[in-house]
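Only one chain is shown below, in structure tokens, and it's the form predicted on its own.
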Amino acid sequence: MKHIFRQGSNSEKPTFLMLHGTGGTEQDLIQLADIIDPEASVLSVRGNISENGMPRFFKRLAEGIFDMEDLKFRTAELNDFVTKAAGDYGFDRSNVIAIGYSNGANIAANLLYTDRDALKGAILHHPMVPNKEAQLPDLQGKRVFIAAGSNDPICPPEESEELEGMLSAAGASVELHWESRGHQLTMSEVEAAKKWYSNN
């Protein structure tokens, strides 16, 4: 997968797996990583799917309707890629925190949904429930931050609440942060994510 890896200045810190939104690239969220923890390593990945020339992490059938077979395949592909990258770059595979926005947040959530060991935790900006039928693994000890917009036309508030409920029921510790905005990524939610990360 097309990506950027940047070694952090403190090897004890996690590696951030940065996952962009539809139409983004591996460059998009690196500034976000710098705000949340400038000492952490960064593995920023570009989605392997192209939708009308816009990179994505998995196919969709329509707005808000995921291609579930492709989601399953691409989630496994991303998980395997992170494992290989850990070997190639020498970072701790068990200390990876995903930071995703929109489509990137959805595949990050699905990593949690499908493999207990895929992520140590996640910061999810404007995610949807990746799979409403999923049987989640035991997520005891996992920490998740969700940033949601109360006026988000793409990801309605009940999606964020359902995602929080499913992750919490599986044992994860989840903080749901609300912005009175739409689907855009705001500086105030990034600051809230930084505060959450510092406390956790």
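Residue numbers run from 1 along the displayed sequence. Note that the coordinates shown come from a computational prediction; the quantities given were computed from them, not determined experimentally.
One more form of this protein exists, namely the form predicted in complex with a small molecule; it is left out here, but the text below deals with it.
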Using heavy atoms and a 4.5 Å limit, would one call Thr25 a contact residue for the small molecule in the predicted bound form? no
Please tell me whether any heavy atom belonging to Phe66 falls inside 4.5 Å of a heavy atom of the small molecule, as the geometry stands in the predicted bound form. yes
Is Phe58 close enough to the small molecule in the predicted bound form to count, meaning some heavy atom within 4.5 Å? yes
Are any of the heavy atoms in Ala134 no more than 4.5 Å from a heavy atom of the small molecule in the predicted bound form? no
For the interface check, one of 115-123, 102-110, 72-80, 85-93 should have non-hydrogen atoms within 4.5 Å of the small molecule in the predicted bound form; which one? 102-110
Between Ile154, Ala170, Ile30, Ile49, only one gets a heavy atom within 4.5 angstroms of the small molecule in the predicted bound form; which residue is that? Ile154
